[in-house]
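The chain below stands alone, shown as structure tokens; this is the form predicted on its own.
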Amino acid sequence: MKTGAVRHGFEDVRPLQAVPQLWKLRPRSRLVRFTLAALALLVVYAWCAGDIGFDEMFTARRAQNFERFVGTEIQPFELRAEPFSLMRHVEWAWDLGVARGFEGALATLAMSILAMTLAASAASLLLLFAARNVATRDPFQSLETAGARGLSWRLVTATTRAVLIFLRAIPEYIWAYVFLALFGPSAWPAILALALHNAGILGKLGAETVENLEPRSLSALRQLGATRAKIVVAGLFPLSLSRYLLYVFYRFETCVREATVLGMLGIVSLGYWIQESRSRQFYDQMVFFVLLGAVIVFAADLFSTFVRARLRRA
């Protein structure tokens, strides 16, 4: 082989020629090509049939509205006539936070924590009946070698998976409207709505995590005489905890955002104050409450990163 050449099985090519050769040898899939073509056609159809255009977005009026919003309306109303001062803006934000923002943020955080606690608890139970390598006659075997699972176990997994699909198929705000009619304007409609929807998502993700675990260690415990419950506690739980917590924390971040939106139904949270500020056209306060919600999500992401790092080290 020549110096600086790369062997590709049939000839020597120089490094600069390797990329074109690899492109010619790339695997081809008709399914991928058909999917891309169908997606392109759907985009064209949606563009033509959806009355979507850019004509109204780049007019002089839109530019004036953008300039007014960014240059004036999101500035604190009390400070617009004063020269810019960072300390004055910090004082304004602190006073608004003490008056309404921090209470709304704590309410949003409390609803999210309680909703995710209920969702994770329900999903942890349901996923055991949805995972095909657990809910079977001979548990903790690979899905390919598990053999006949039995009609009763198949009904259990099918029913549980149908319940999980039903829970996550209905959006949170639809659940919230239903519970709002049952319980009235309180925090519980939002909490239960978030809990049910996220239980369906976490149950599905948890069942997939359990099914994809390496079966050899769990099967060894089974062959040593451990019961199904003991293997779940001593083997299944430690092996799947790190990945399951990843999903829980991700859904918690989503839950904080959704709790903010559900607050617009009348629950005193960040969403309530965002809606109240928008209706009164206090856009400076609205932007502050939106940024406060982003801070909560950022803090939740840092906390989840810290917990998962500790779990990996452990």
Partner chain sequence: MKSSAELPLLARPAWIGPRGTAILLLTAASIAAWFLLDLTPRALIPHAGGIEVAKRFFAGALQPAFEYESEVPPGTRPILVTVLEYARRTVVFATAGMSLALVLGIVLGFFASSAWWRGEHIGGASRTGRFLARTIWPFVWLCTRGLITFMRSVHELLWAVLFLAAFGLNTFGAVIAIAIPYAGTLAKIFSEMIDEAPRDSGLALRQIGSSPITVFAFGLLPRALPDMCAYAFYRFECAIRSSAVLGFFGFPTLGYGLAQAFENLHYHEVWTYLYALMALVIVVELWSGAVRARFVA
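Keep in mind that this is a model prediction, so the values were computed, not measured. Residue numbers count along the first chain shown, from 1.
Another form, the form predicted in complex with its partner chain, is not on view; read the next lines as being about it.
Visitor: Tell me, please, which stretch of 164-172, 127-135, 85-93, 219-227 lies within 4.5 angstroms of its partner chain in the predicted bound form when heavy atoms are compared?
Guide: Residues of 164-172 come within 4.5 Å of the partner.
Visitor: So in the predicted bound form, does L79 come within 4.5 Å of its partner chain, heavy atom to heavy atom?
Guide: Judged by the heavy-atom cut-off of 4.5 Å, L79 is well away from its partner chain in the predicted bound form.
Visitor: If you check in the predicted bound form, is E253 within 4.5 Å of its partner chain, heavy atoms only?
Guide: Output for E253 is yes: heavy atoms within 4.5 Å of its partner chain.
Visitor: With heavy atoms only and a cut-off of 4.5 Å, decide whether L192 touches its partner chain in the predicted bound form.
Guide: So L192 counts as contacting its partner chain.
Visitor: Might R280 be said to contact its partner chain in the predicted bound form, defining contact as any heavy atom within 4.5 Å?
Guide: No, R280 sits far enough from its partner chain in the predicted bound form that none of its heavy atoms falls within 4.5 Å.
Visitor: Across 88-123, which residues bring a heavy atom to within 4.5 Å of its partner chain in the predicted bound form?
Guide: The stretch 88-123, when checked against its partner chain in the predicted bound form, contributes L106, A107, A110, M111, I113, L114, T117 at the 4.5 Å heavy-atom cut-off.
Visitor: Looking in the predicted bound form, decide if the C-alpha atoms of R257 and R308 are closer or farther than in the form shown; they differ by 3 Å or more.
Guide: Closer, not farther.
Visitor: Answer with closer or farther for the CA-CA spacing of A294 and S242 in the predicted bound form compared to the shown form; it moves by 3 Å or more.
Guide: They are farther apart; the C-alpha distance rises by 3 Å or more in the predicted bound form.
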